[in-house]
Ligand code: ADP
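This document opens with one chain alone, in C-alpha cells, the form predicted on its own.
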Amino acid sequence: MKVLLVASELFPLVKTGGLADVAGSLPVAMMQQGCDVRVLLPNYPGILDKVENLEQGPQLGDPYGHGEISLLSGQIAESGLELWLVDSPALFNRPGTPYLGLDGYDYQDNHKRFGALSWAGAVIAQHGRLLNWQPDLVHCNDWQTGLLPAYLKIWSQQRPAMVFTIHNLLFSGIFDYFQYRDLGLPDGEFRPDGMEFFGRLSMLKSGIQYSDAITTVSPNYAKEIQTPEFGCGLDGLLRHRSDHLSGILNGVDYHIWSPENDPYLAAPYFENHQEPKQLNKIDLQNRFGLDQDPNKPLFGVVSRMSEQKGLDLVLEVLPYFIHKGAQFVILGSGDRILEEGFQQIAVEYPKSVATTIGYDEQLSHRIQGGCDFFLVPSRFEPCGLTQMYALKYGTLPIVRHTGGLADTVWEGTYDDAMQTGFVFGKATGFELSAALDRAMQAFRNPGLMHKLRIQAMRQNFSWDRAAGNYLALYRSVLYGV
C-alpha cells in the first residue's frame, strides 16, 4: 500500500504543536508495518539542514503567480522516512513560525501558502508517474491540507482514496471570499454543501466535505465534535458525515518518552523499581529552590497557557493547595495574564511554586520524571500527549473528562485495578480542587501510590497500535474490508 501523508509540520524538522509529533511518528510506525509511505510538507527555512540525500524533483507549475513550485526529495536520517518538500521561496522562505510572522500575526497570504501545499499534494496524487510513485491513498491533516480533496474533486479525474484527520476543530482555516477567488476554485463550490462557511471559506470544512473518511485524534473527541458545544459550527456537517467519521487515538514514541532510558533524568527507573523516582523529585526541587521535602506532593504542569487548557483554574486553586503543603512546577507560555499570574505566585511562594515561561524540552522531561502528579485540566482536548507521557513516568495525571483525556486516564475506587489517575467533570475550580484533594489523600498512602503508578506505567499507547488502526482504516477505505 502506497500512502502519501500531507502535513504542514513534522518533528524533528519543524514543530509548533502535536500535529508535528503525529506527522513525524505515525509514518515511521506505518513503515515498520510494511506500508510504503511518503510525507509532503513545505520547505521552510532551516529544513534542508536536517534532511539527507537531498535531490531536486520536478517542477509542478505556478498556480498563484508567485513563481514555479518544485519538489525536493530527501530523508530524515534518524528514521529513514522519505520526504517531499514543496519548494516555493516566495511562499515559504520566511522568518517566524510556519503560520505567523515576526509580528505575531498570521501571514496575510496563508490561504495561498497552504493552498499551494494542497495543490502540490493534489498534483502528486493525480500524476504520481512524474515521481515514479503513485499513491493509493492520500492522508491529509488539518485545515492546511483541506483544499487537497477539493482540488481533486474539481479536476474530476480518477484519484486516490482520501483520508482527512482533524487534530483540532478550533483551527479551521477561515478566509474571505476574495481570498477564495485567489485559489483557482470555481464559484460553484462556494456553497453551504461545499466550502462556504457563514459567507467565508473554511479549508477545514473542505477537507471534511470531500474526503472518503474523516478521523479525529481520539474516539471521545469524534463524538464531542458532533455536538454544538464542541462542533465549532461544523457539528451539523459532522453528524451528516458520521458514517465516515471515526476517532483513532494518537500514540507516544516510547523511545523518547520512557523513564528507563531518558537521558534528561537524574536517575532512570521503571515500574518495578520506582525508588529512583524520588531522586528525580529531589533533583527538581533542588533546581528550583523548593523545599526538599519528600513528604510534600509535587504537581507538574507543561502546557500552553490558555483558558482552553484550563490553566486559569490551576491559578485559581493554587493558594489553597500551597497552604495544604503542595508544591508546583509550571512550564509554559501563552496568555500574558496567565503568565504574569503564575510568575507572581512563584514570587510570593518561592519554596512552593516554580514558574518557567517558554518551552524547554529537557525540563519537560524532568518535570515528568520528578513530579508525583501531572495536571491537564483542559476545557477541551482533542487528544493530548502530556498525560500519556505522565502515565509512562508514573506521574499520576489529574485530568478533566473530555476528549482524549477521557480515553486515556481512568479513576475508580481506590481498589479499582484500572485506576491510573484522577478525573473531574465540570471545568470549575471546585471540581479541580476535589480531584487534587483525592490525589493528596492518595499521596499519604505509599502502598496505594505504588500500586497506582504500576497501573499507570503499564498502559500502552504506542504508535504501533495507532499505526495498526490507521492501516485498518486505509484498507477499509480502499477495499471495503
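Start at 1 and count along the sequence shown; that's the residue number. Model, not experiment: these values are computed from the prediction.
Same protein, other form: the form predicted in complex with adenosine-5'-diphosphate, not shown, and the subject of what follows.
The contact residue chosen from Leu238, Val86, Val302, Ala122 relative to adenosine-5'-diphosphate in the predicted complex is Val302, the criterion being a non-hydrogen atom within 4.5 angstroms. Screening Phe373, Tyr151, Tyr389, Phe175 for any heavy atom within 4.5 Å of adenosine-5'-diphosphate in the predicted complex leaves a single hit, Tyr389. With a 4.5 Å cutoff on heavy atoms, Gly332 counts as touching adenosine-5'-diphosphate in the predicted complex. Within this chain, Gly468 is remote from the site of adenosine-5'-diphosphate in the predicted complex, having no heavy atom within 4.5 Å. Taking the partner from elsewhere, Tyr359 is found to have a heavy atom lying within 4.5 Å of adenosine-5'-diphosphate in the predicted complex.
Taking the partner from elsewhere, Phe92 is found to have every heavy atom lying beyond 4.5 Å of adenosine-5'-diphosphate in the predicted complex. Across the options 191-199, 156-164, 307-315, 94-102, residues that bring heavy atoms within 4.5 Å of adenosine-5'-diphosphate in the predicted complex belong to 307-315. Counting a residue when any of its non-hydrogen atoms is within 4.5 Å of adenosine-5'-diphosphate in the predicted complex, the hits in 380-398 run Glu381, Gly384, Leu385, Thr386, Tyr389.
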